[in-house]
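There is one chain below, alone, in structure tokens, taken in the form predicted alone.
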Amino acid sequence: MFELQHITKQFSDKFVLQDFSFKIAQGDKINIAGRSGIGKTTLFRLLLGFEQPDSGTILYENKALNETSVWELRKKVAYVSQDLNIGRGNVQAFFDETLSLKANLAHKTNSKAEIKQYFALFELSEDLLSKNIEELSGGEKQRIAIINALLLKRTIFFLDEITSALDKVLKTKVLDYFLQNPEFTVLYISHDNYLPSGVELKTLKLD
């Protein structure tokens, strides 16, 4: 699905990736590990075309990632950031705004029923839909961001520390949902040493 060939990325005099090569197959579940500042989030940004490598090639479905192909890629990927500043205003309006974008309109029809199901799964009260995002706790914001991504019905997920504000039970529930789904291709950054049973998990260690 993805192939990174001899990627080098440097900021000022610091190399975050140097002659880095890696392949990602459909259905892979990959934990991206490494110390803070080593380039884990930069890897996501490179794969999504928000950063350009200084040298090397990134392939998606055997085609070089460029200004044209990256837009098609972004329609297939859901990226959930660790940033808890997910927006302002009403939670339902937040979902509606996402689903009103041209690329997402097809997923709006059944969204109310799906939101209800996801709220139950991730232990959120439905009355949060009428609250403002600014009123929510960090853990609630994190789950709202996760549900917002799931409503897009993508099968490729880039997840950046999405359980950092959750308790142990919810961390397990969230990671199980993504890692146990055979249809999902998941790259995730997490410091939780958790492995669901029956999942073949790969680890990409950045040094």
Partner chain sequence: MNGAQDLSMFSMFMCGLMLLIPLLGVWYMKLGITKNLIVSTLRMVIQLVLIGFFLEYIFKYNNWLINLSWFLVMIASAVLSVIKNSDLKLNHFVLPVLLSFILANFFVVLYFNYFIVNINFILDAKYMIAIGGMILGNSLRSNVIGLGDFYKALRKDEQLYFYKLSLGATKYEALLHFAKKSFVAALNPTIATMATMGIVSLPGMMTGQILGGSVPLVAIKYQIAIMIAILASTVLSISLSILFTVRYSFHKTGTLKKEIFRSSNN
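Numbering follows the first chain given and starts at 1. Note that this is a predicted model, so its numbers are computed, not measured.
Separately, the form predicted in complex with its partner chain exists; it is not shown, and the next lines address it.
Enquirer: In terms of non-hydrogen atoms within 4.5 angstroms, which of the given stretches 53 to 61, 66 to 74, 32 to 40, 166 to 174 touches its partner chain in the predicted bound form?
Expert: Answer to the contact question: 66 to 74.
Enquirer: Using a 4.5 Å heavy atom cut-off, state whether L179 contacts its partner chain in the predicted bound form.
Expert: Answer no; every heavy atom of L179 is more than 4.5 Å from its partner chain in the predicted bound form.
Enquirer: Even though the partner isn't displayed, in the predicted bound form is Y79 close enough to its partner chain, meaning a heavy atom within 4.5 Å?
Expert: Y79: contacts its partner chain in the predicted bound form.
Enquirer: Any chance L121 has a heavy atom within 4.5 Å of its partner chain in the predicted bound form?
Expert: Flag for L121 set to no.
Enquirer: Can you tell me whether E97 touches its partner chain? I mean in the predicted bound form, with a 4.5 angstroms heavy atom cut-off.
Expert: E97: yes, in contact with its partner chain in the predicted bound form.
Enquirer: At 4.5 angstroms, heavy atoms only, are K9, I24 and K205 all close to its partner chain in the predicted bound form?
Expert: Per the other structure, none of K9, I24 and K205 touch its partner chain.
Enquirer: Heavy atoms within 4.5 Å of its partner chain in the predicted bound form is the criterion; list the residues of 150 to 172 that meet it.
Expert: Counting only heavy atoms within 4.5 Å of its partner chain in the predicted bound form, the contacting residues of 150 to 172 are L152, R154.
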